[in-house]
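In structure tokens, one chain follows: the form predicted on its own.
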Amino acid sequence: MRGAPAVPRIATAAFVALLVAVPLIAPPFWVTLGNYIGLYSIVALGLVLLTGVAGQTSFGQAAFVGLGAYTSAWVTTQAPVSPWLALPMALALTAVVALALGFITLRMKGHYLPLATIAWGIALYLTFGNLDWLGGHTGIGGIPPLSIGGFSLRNERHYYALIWVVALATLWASRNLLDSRPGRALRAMKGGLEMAEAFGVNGARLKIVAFVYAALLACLSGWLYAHLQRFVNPTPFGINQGIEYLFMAVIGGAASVWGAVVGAALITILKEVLQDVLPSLLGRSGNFEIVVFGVLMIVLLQFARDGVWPWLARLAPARRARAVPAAAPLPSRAADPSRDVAILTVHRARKTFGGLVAVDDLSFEIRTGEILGLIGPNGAGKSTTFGLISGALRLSGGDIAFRGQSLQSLTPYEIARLGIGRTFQHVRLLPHMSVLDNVALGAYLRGSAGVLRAALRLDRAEEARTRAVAARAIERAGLAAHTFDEARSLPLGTQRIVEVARALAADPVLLLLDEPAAGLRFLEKKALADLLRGLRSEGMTILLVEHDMEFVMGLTDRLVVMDFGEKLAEGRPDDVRQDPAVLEAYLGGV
């Protein structure tokens, strides 16, 4: 880990030493328990990425475990196929099923998504139990053991090392993934689809990627389980086990890869202990541990909502911040040499919400290298206009063109790829991420590393360049002292400047700023104005929505005044300031 203090390294070494010691000195019961903790950790790790990071709740992961187990079991018992060859076959089948289910399921929002995962989880479970060629509810036996170099793994201790090597490898790969270009995009999904897509993230595609990644990890765990047990039936792959996997991720810490291990260990050990202790305390047998788990979940959500691992991590000394090393710049957009040419044209744009007309036949244009102010009283339609330009809202009529290309049929991430960057009226940062990582998200389109490169840590050169670009944007915005601070620790005004720095990291041609000076003090506003003038001098075009009239009048080249969704006036600041209609509608009258 970069910049990790000595204590976490010692803790990591102690954890590895414990893993090595268990098969050597522990009784068979604890070796078996260790095997199951490793298998469960792999599945819970997928849920950390899918649910904790990407914000997509799934109760159906046990079905993917079953898919991996049954595929390998059937193939290796029906044909002379090596279990190692059965693994890619199981992964391929799981990927196909996950893609099909993901395209259907991940379109749903709110409570419909988890309900859908319960539905297909139950469907796959019933499929395993009702197909005669899969052994029905009796299952499939006689599954061959795994062999490595001619050595057959035939007992719990033999499998222990393999399971934990695989578990640690998936932890390493997932941690690499989260510390990368696609990892930041995954985290951004939890902050809202509009924010992520404003920087070129294809949100729908990324949800599918996370879903398939989690399914493949579950499949891998199922493959190991089948050859460890050498027998499979539908029981371990039902919806109850799917709920338990989600419990593991949430209790351990759904936003941390190590939370998967902590949650799997806590649930597995606690379940075994409670199964022995509760019957003796209550004088009767039954699944009372489920009741205890429910109570513990309520307590945890009340007092440690982020899970156990973040609470443990706080006991360790804070990481030492390290300077961002210098690196070559990422590719930049070619500057437009033409000046005073319309770069964005809004022609009779109209937006209605039912019977409410928010934008009514609005027309104006922005010329290359100018700062245009869009002003008007509250409810005038300024933010709606921003939404129409960025693609967050669809036009009800008219057209908006950027560099001659209509934006009407484009998605927000496609519009971002044309070179339009933006900030938001209400700050949308990822609160638990550092300022550096928040700003690095803005450079998403300037990189190319995908999930596989990131997971295998083959993206480090590009990642260094991305972080260097982000650091330069932060420094230019005057926030170098806050580079490694968590975004949530900053005052609101400073967070707005972080949003400006994030937009700059995208290297936009047209920059949309929605009330960037709100909450800033006088000197901060002055610094922001100087920054925007510098950007203008470099050829960047800026569309600015702002309520601070002194800030707007001293900065913009032209103004467009809106009122009740219509254009009230347009012209130079001095001319608009003296317009009687503007004075009456916006500045309080003559």
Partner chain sequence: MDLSIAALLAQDGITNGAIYALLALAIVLVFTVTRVIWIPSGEFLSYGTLTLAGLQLGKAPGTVGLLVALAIVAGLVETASSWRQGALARLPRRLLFWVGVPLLIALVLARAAPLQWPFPVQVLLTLAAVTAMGPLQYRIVYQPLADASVLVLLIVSVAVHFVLTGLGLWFFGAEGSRTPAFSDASLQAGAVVFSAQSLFVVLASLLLIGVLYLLFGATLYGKALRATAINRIGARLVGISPSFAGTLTFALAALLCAFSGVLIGPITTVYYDSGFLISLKGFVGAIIGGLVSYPLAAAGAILVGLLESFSSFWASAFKEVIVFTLIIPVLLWRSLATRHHEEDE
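The model shown is predicted, which means the values in this text are computed figures rather than measured ones. Residue numbers count along the first chain shown, from 1.
Missing here is the form predicted together with the partner chain; even so, the following discussion is about that form.
Enquirer: Pick from L274, I243, A468, A173: which residue has any heavy atom within 4.5 angstroms of the partner chain in the model of the complex?
Expert: Looking at the other structure, the residue within range turns out to be I243.
Enquirer: Name the residue from W84, F288, W311, F231 that puts a heavy atom within 4.5 Å of the partner chain in the model of the complex.
Expert: Looking at the other structure, the residue within range turns out to be F288.
Enquirer: Given that the partner is absent here, state which listed stretch (176-184, 211-219, 121-129, 366-374) has heavy atoms within 4.5 Å of the partner chain in the model of the complex.
Expert: Contact-bearing stretch, as computed: 121-129.
Enquirer: Although the partner chain is absent from this view, report whether L418 comes within 4.5 Å of it in the model of the complex, heavy atoms only.
Expert: L418: no, not in contact with the partner chain in the model of the complex.
Enquirer: Would F59 sit within 4.5 Å of the partner chain in the model of the complex, counting heavy atoms only?
Expert: The answer is yes: F59 has a heavy atom within 4.5 Å of the partner chain.
Enquirer: How about T105: is it within 4.5 Å of the partner chain in the model of the complex, going by heavy atoms?
Expert: Close contact exists here: in the model of the complex, T105 approaches the partner chain to within 4.5 Å, heavy atoms only.
Enquirer: Heavy atom to heavy atom, is A328 within 4.5 Å of the partner chain in the model of the complex?
Expert: Result no; A328 lies far from the partner chain in the model of the complex.
Enquirer: Can you tell me which bits of 414-433 touch the partner chain in the model of the complex, meaning any heavy atom within 4.5 Å?
Expert: Contacting residues: none.
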